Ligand SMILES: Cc1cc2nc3c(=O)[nH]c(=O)nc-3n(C[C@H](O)[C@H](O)[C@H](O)COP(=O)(O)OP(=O)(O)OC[C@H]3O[C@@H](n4cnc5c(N)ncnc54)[C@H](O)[C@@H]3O)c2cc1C
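We begin with a single chain expressed as structure tokens, specifically the form predicted alone.
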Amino acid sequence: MKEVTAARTADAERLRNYLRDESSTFYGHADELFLPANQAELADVVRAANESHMLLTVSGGGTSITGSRVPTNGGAVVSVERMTSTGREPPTGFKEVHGAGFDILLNAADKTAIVPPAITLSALDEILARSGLLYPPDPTEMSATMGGTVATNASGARSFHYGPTRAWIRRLRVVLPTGEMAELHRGEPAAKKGTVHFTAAGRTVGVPLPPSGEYDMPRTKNAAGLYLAPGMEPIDLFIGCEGLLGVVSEVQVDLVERPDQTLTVVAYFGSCDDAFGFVDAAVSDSLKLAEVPHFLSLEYFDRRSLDFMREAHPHIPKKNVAAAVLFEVPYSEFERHNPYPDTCMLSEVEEALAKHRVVSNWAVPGARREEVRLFRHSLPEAVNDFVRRRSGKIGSDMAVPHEQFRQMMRAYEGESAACGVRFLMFGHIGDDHIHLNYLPENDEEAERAKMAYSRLAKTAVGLGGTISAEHGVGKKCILGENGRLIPYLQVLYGVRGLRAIARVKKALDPNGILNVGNMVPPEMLT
């Protein structure tokens, strides 16, 4: 590969940190690491890799659990971790703001910011808080980088109200696999006659879209595969593309005013049906809360999850509790509409909880937000401690349409009981998106869990759902009908759908160098 201006190293110890992700499932190998400090250096690295036909894997914060950033096919790694500033003069209306080791360009009046790809969500939140603003997407892992969350269309608890990353991206700068720079704006001309067009380096790029029936995206919260739809905008090609189509070098995001505080309630129910009934009422707005606060999030914990959390939180009831629902409302609006100022719960919500036979509830005002954070994080911490001494965990990321949710939950319970492996369920019930975690004791149980997982993925798709609602698919595989491993995405879109993705990939990456192995197998790109 020719000389480039970006920092580079072939040191094996330095490279080791880029050969895996948080899943500890995928392991890669690479010859070299590139560390560009700005957009020009990044474009130079990608251009040189393309000219020499060298495979190049993009590395963000390493918080993925799908192997997306792992160079399983070798080549080189490019990390954007040194791109901590946009590196340009503020446009009119923007000012440069520093904080937490990063620089952003902020237009507080227009509620928008231009940020570098390396900035973490926690650092961005810290900077914006000083101006009373908020970047609404709330992925669980706040150490994730902006570039990585755009690449996966990440979401989290508050996506119930705010939606995923895609809903908050106003503009992107992307380095294409050829090294050319493209700038894409929300609201640009939509796809026509089966092709989406955009401009890069002064030329018009046309990308063919799959015909109707070949690639139909699920009508649920979804982070599986490329966004390919009639009438789509060019910017959506790159949000959630998992690095297949380009490297994000700059992001302009929309912002909202930061809620002064939030009220968080953990409600404990005697049966799962009671918990589901309360969520149904909240989702359908049959609680008649038009004049009172909206729900920011609706999260679910089953009895097994609560058992794992009880050591860290002994206040969790021990008897007659089958499930819990955690929900948030903006506290300032809560106070404005609360007719009972001496109480910390809206009367309408109290009545709904009572109607669905709540056992007890724990209400936490915003001033004690850290207690809620510790409550939420005690579950993954306890699970990780448990599986560390055993055979790992096998976790799902499926979501289904709301009307199919209870059927999916019955499938989770039935398959899990049949395979006989310990499990628990928790997650974003407001989006009909529950994480099932198998906790096998040994390799034999792990194999049974993988088979059950495969059947459940097919069930979710059969119900009109998705196999990945927030994590992407990366390089994941799954057991097919013949017992052999197949690309995970094939369960959702079939071989025809994978070929549609491969065609888009070839149109933008003719030499097949960037993030090879994500979504589609390498052999489909030849």
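These numbers come from a predicted model, not from an experiment. Residue indices: 1-based, along the sequence shown.
One more form of this protein exists, namely the form predicted in complex with the ligand; it is left out here, but the text below deals with it.
Contact check for N222, G395 and N437: none of the three has a heavy atom within 4.5 Å of the ligand in the model of the complex. Within 4.5 Å of some heavy atom of the ligand in the model of the complex lies at least one heavy atom of N384. Proximity of N17 to the ligand in the model of the complex: non-hydrogen atoms within 4.5 Å are present. The ligand in the model of the complex is approached by H471, whose closest heavy atom lies within 4.5 angstroms of it. Remark: D236 does not count among the residues lining the ligand in the model of the complex, judged by a heavy atom distance of 4.5 Å or less. The stretch in contact with the ligand in the model of the complex, judged by heavy atoms within 4.5 Å, is 243-251, chosen from 443-451, 243-251, 198-206, 86-94.
Though the ligand is absent from this view, in the model of the complex it lies within 4.5 Å of a heavy atom of just one residue from G497, G465, G61, P36, which is G61. Contacts between stretch 63-97 and the ligand, counted in the model of the complex as any heavy atom lying within 4.5 Å, involve T63, S64, I65, S68, R69, V80, listed in sequence order.
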